[in-house]
Ligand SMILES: Cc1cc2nc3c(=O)[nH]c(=O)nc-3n(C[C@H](O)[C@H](O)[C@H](O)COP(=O)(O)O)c2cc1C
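This document opens with one chain alone, in structure tokens, the form predicted on its own.
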């Protein structure tokens, strides 16, 4: 997988601006803006689920206490098992494994695709890091393991201590499906006789800090360490990762559909500057878009912050300003005295009904306007996440070039195209 960032969507046609009624819609519109010749930023490459380099995730403690504690070696085997599609769970598992080794633990890190449930049941300590995919489903690579675990003849986990870290994204999952894989595995392991050694942790898209703290706490317990464990995900090379962007130019844009077609599918060709992205056909590229300036202005106006230039600038690239989740509804209800918003925030059923159809944060704010401080407004935002797209080219055939196929999708949601 490769990460990228699209800049300067000021030139999006006015008629398409409000098509961003979903994260996917935003991504498509921004791709089109970039295809007009605007700059893009592409970050590194992640081949399959293997991430070359990673970010640092650490428990938020006094830096003086963050050194990895050395503990006496233990003969209790620790299996760190992960289910991953985009690489996040794998990244955490590898980092956790490295920290466990430094503690002297007898550790094995394994993909669910490379181990059987029978093998997993032989360990004594088990840490599961699982990402939910699609509509509450396991990632494709973890399907066989998951089915075997849920089968009526699954082996017992008597004597196995376990803990589960679940990853999900509230913007793409309803309440029932959020972190569903991790939740289901947690319950199933208990049914099979396992002993839960820690409460399950459920992480949203901004998972790094929470996940790092949780992993550190489990390793501290397993390693009998008096010093909080630092989960160090290594030094990210300048050629890869979200934090080392580099510019690219959209060298070509062409509509593959005929003039009379009711659909539009675009071929986009990106040319990274001064960098050969090490990808394979079928890998994904993650695009970090800039938010629409019109939507930014509307949100700032409703919040009474139109004159805050610094906030306006940060909203372009740092925050997801469109997604709306139950936690955001609850947070906004605390800022306003509107009884209708409070009623929705207090009921998952009403919130699910309210969110159905693609309501955005601006819809909530416009329904009950209230003046906010910059801190209050940014507390409502999620961190801007990349939109993934499959790469449709080969480095062998077109070196120094990344090709994408982008389908245009536009629809109306609550008066916004």
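Everything numeric in this text was worked out from a predicted model, so none of it was measured. Residue numbers count along the first chain shown, from 1.
What comes next is about the form predicted in complex with the ligand, which is not displayed.
Novice: Heavy atoms within 4.5 Å of the ligand in the predicted bound form: does residue 84 have any?
Specialist: Looking in the predicted bound form, residue contacts with the ligand include residue 84, since a heavy atom lies within 4.5 Å.
Novice: If you check in the predicted bound form, is residue 100 within 4.5 Å of the ligand, heavy atoms only?
Specialist: No, residue 100 stays farther than 4.5 Å from the ligand in the predicted bound form.
Novice: Answer yes if any heavy atom of residue 271 is within 4.5 Å of a heavy atom of the ligand in the predicted bound form; otherwise answer no.
Specialist: No, residue 271 is distant from the partner.
Novice: Though only this chain appears here, would residue 104 touch the ligand in the predicted bound form if you measure heavy atom gaps against 4.5 Å?
Specialist: Outside the cut-off, so no.
Novice: Where does the ligand sit in the predicted bound form: which of 129 to 137, 115 to 123, 290 to 298, 210 to 218, heavy atoms within 4.5 Å?
Specialist: Residues of 129 to 137 come within 4.5 Å of the partner.
Novice: With the ligand left out of view, choose which of 169, 320, 111, 283 has a non-hydrogen atom within 4.5 angstroms of it in the predicted bound form.
Specialist: Result of the distance check: 169.
Novice: Can you pick out, from 179, 95, 163, 344, the residue that has a heavy atom within 4.5 Å of the ligand in the predicted bound form?
Specialist: Going through each option in turn, the one that passes is 179.
Novice: So which residues in 349 to 367, when you check the ligand in the predicted bound form, have a heavy atom no farther than 4.5 Å from it?
Specialist: Read in sequence order, no residue approaches the ligand (within 4.5 Å, in the predicted bound form).
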